[in-house]
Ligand SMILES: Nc1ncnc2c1ncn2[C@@H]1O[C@H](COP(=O)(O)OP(=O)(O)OP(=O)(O)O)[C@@H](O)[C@H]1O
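Only one chain is included here, represented as structure tokens and corresponding to the form predicted on its own.
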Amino acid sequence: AGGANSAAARLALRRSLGPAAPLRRYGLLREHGEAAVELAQELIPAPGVLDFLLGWGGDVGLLGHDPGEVAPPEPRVLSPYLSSAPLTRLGRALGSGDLDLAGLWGCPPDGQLDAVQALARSAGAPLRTLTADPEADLRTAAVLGAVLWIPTDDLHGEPRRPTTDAVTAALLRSRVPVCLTGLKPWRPAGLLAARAYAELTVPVPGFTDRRAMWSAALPDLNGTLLEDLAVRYRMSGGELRAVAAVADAGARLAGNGHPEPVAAHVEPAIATVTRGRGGGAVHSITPRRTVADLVLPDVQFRQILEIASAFRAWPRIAESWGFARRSGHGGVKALFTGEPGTGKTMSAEIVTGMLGLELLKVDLAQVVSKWVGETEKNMETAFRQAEESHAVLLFDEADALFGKRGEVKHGTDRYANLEVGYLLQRLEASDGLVILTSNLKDNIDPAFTRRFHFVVHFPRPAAAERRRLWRLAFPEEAPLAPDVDVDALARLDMTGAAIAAAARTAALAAADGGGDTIAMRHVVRGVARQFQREARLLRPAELGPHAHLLDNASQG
């Protein structure tokens, strides 16, 4: 009996030192040299372990790490997928052995973790993820009775073929339960034929789910603020946990020992977590101008305000009132048309600021490509960046990108039409706020126009608007001389952008001349320079009693 117990003890000890045991998985013990068989493998403590055991200090978090382990979700943020009946059924089938391969498709990268954790919870199994060695990952998952999670977004395309082949080959030889996730499906035919497979298209969390997630993450927020955050932001559980942590830290820091209410720190925390993801063809703009800077006729002014209101209201009417079932697309799409300088881009910035969001402006020079298929890829990247940043997407001067589809007369015409068709679909699929500006409304394909909820035409400003624009063009701190005749300036046919440029030129002229104030002669010089830039003729009669200043401006 003693021998048996000794053998059992030795076997248990041997198992505790095996490749799937915690000491090896977390890297606390590492292989030293090579052995012919596993039983003969020599093991040594990892760097820092012996020092820690001897009480010489060390960072516990750095001593050991299991790269394949996926920690259970923090209960602070409710997963929106826990209440999904189809996902629960899929998880139970995976746990019972009725299935051994599941696919969860359509979920963006930030949301895939939430979905697969909910699946593993329904399966009643721990969750592990793919590392550099698929076969070792499968062996470890088999020993631990775990579900192996394989994100597939990086397995598409010819450059990834070696990795794809290695993963597929390992899965074909194994029956370990596996969950595949991706924005678009990855379905090798041989793999589906060899395993018991089922899949699910994962829906985007609705307004009710998002509100519950925000409430769980930040329970001190009031109902009105919770609803507003749920409307504006479609965050994953990981992002919400980050926002809550940053907001809590900000409240503690600002309170100087006594934490402030966390509500005041939520918006800065959101900006920290979500913003600054621009790059490539997309440039991030932080809105600085407000409604007070917007000078438009009453009709257009009200339309701009309605866009912000519509974006806030859409999630509620889509889900609570059932309009999502009747509408083929979500989000809010707006088209701004008008001559350059009439306020289209500034209005997009102001709407974004009203919503408290970030504005991502697309650089069309980097999006439109002569190579077949590249424009679509660049467009997808722009839309994806906006969705991941929870930002407003702006296509400025989009005539070239969203032009009319034409008759196929050349080979390239067919590809151009395919690009437009793709853009139509992607615009329709977006759940965010997308704004396009165009200098010429007639240049926009009618198929695009039908998909806009708002079409706002920006006219050239009339005298009343120009008068206000001139007053706004000079900051309160600017030393404006008494002889500056705003009424005379307002009679000049100029756009808002032209007025702002002329005012800036006038200020530079005043500073360059060593004067203490910006006088009318400086403003006339700025106006004259602006007319020259626009290749327009400024007649002395248009300046009325200040016509004589035009000669001086020309000489200057």
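Not measured: the values here are computed from a predicted model. Just so we're on the same page, rigid core means the largest C-alpha set that superposes within 1.5 Å between forms. A residue's number is simply how far along the shown sequence it sits, counting from 1.
Here the subject shifts to the form predicted in complex with this ligand, a form of this protein not shown in this document.
Q: Indicate whether residue 345 is a 4.5 Å heavy atom neighbour of this ligand in the predicted bound form.
A: Because a heavy atom of residue 345 falls inside 4.5 Å of this ligand in the predicted bound form, the answer is yes.
Q: Does this ligand get within 4.5 angstroms of any non-hydrogen atom of residue 247 in the predicted bound form?
A: Flag for residue 247 set to no.
Q: Look up in the predicted bound form whether residue 29 has a non-hydrogen atom within 4.5 angstroms of this ligand, and give yes or no.
A: Heavy-atom contact with this ligand at 4.5 Å: absent for residue 29.
Q: Quick one: does residue 238 come within 4.5 Å of this ligand in the predicted bound form, counting heavy atoms only?
A: No, residue 238 stays farther than 4.5 Å from this ligand in the predicted bound form.
Q: Thinking of 341, 439 and 500 as the candidate spot, does this ligand come within 4.5 Å of a heavy atom on all of them in the predicted bound form?
A: Yes: 341, 439 and 500 each sit within 4.5 Å of this ligand in the predicted bound form.
Q: Counting any heavy atom within 4.5 Å as contact, can you tell me which stretch out of 223 to 231, 168 to 176, 294 to 302, 426 to 434 lines this ligand in the predicted bound form?
A: In the other structure, the partner sits against 294 to 302.
Q: So this ligand isn't shown here. In the predicted bound form, which residue out of 312, 467, 289, 283 has a non-hydrogen atom within 4.5 Å of it?
A: Going through each option in turn, the one that passes is 289.
Q: Only one of 135, 397, 110, 483 comes within 4.5 Å of this ligand in the predicted bound form by heavy atoms, so just point that one out.
A: Flagged contact: 397.
Q: Core aligned, does the CA of residue 30 move at least 2 Å between this form and the one not shown?
A: No: residue 30 shifts by under 2 Å between this form and the one not shown.
Q: Could you check, with the core superposed, whether the Cα atom of residue 501 shifts 2 Å or more between this form and the one not shown?
A: Where the cores coincide, residue 501 still shows a C-alpha shift between this form and the one not shown that is 2 Å or more.
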